[in-house]
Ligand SMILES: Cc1ncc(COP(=O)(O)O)c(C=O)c1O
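Next up: a single chain in structure tokens, the form predicted on its own.
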């Protein structure tokens, strides 16, 4: 038995079955630096999937902040400490409107769970609207909001589900799709009312990651937000995926749509690998929540996490990563469009900045998605070429490209070369388009 096979056997015996691994032959990683990771055999792999180390694997400034503060003090927020206040003020300065009051948590799941609780307490309603095939986390509440992971028949009556604004694959297509898609929100609110539920919130990820990385029609978000607010609900922007420069145009995904949310949730990019998240809202909403509930998280906002999160913001500012992400994203997007001209299996190129999806099809006219098994095979071919990518979308047929923000043009060219070679020898074999819930990469 090889060392990797022995480790896999130990893992399968000691970890719950839900801890899924990528690839049939799993990658055994031992270290990472910048946009590169290295496996146990010393092979270097270009990481084009991982948004957790947002400013790169092992960034020295982030590591220094973590170790320095860990040596000095780590405790909870029941004592005065400058770092968590500095972080809250820094986030508030980056957000629009009155957003500036922070609750600190450890994960995006916790952030979304708390945000929905805040919306429910403040509005006195229970209803939440999300997109079809959404993913927002895995707590008992947030799992119900993540419609990609369980059958539609099991949805609670307070949950409203609307089609995402997919102008390539969705039911409404073309440049004027914004108003019709937004009207679906109005229709769903009427259906919720018939079930005797009113909206507490619309929870929206403005990258629509689990739907295949979408760019919504220009007026969709504004119209939908107006409809929800008109019905008495709040707007929660889930920035776990879209935030921190990821889409390349603005710092936050919601800024791309001129939206000023009522609540913003943050997660993985905040700590570049360290577990830290946040909920940011307005003074008025925070005060209304505090009249009825209190919130405390033992590790949320601890001095080490706050120091790490501040270091990440410093790196983004000092290395001008927003402009960098836009520049490299334009270069990468242009290269992906050129690949689509050569390879008919690419039905659509969608995304921006350093977040892209390639919707893979068996036929460009019918837009039928390739089988999940075929998509996995293509991802494996890229891995064998030294590049890590993922899958997403309702049919898990969308190749997901989401590297750290320090990704350079040269790295993009390397990715494009590997993708070109993999696609040149790729032929869909069929076998259905189904997938196991929660199986996306």
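Being a predicted model, the structure only gives us computed values, none of them experimental. Numbering follows the first chain given and starts at 1.
What comes next is about the form predicted in complex with this ligand, which does not appear here.
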Original post:
What is the one choice in 233, 108, 347, 271 with a heavy atom within 4.5 Å of this ligand in the predicted complex?
Top reply: 108
**OP:** Could you work out which of 103, 181, 135, 252 is the residue within 4.5 angstroms of this ligand in the predicted complex, going by heavy atoms?
**Re:** 135
Original post:
Is residue 112 one of the residues lying within 4.5 Å of this ligand in the predicted complex, judged by heavy atom distances?
Top reply: yes
**OP:** Answer for residue 359 alone: is it within 4.5 Å of this ligand in the predicted complex, judged on heavy atom distances?
**Re:** no
Original post:
Using heavy atoms and a 4.5 Å limit, would one call residue 209 a contact residue for this ligand in the predicted complex?
Top reply: yes
**OP:** Using a 4.5 Å heavy atom cut-off, state whether residue 262 contacts this ligand in the predicted complex.
**Re:** no
**OP:** Would you mind picking out the stretch of 194-202, 292-300, 234-242, 147-155 that comes within 4.5 angstroms of this ligand in the predicted complex, counting non-hydrogen atoms?
**Re:** 234-242
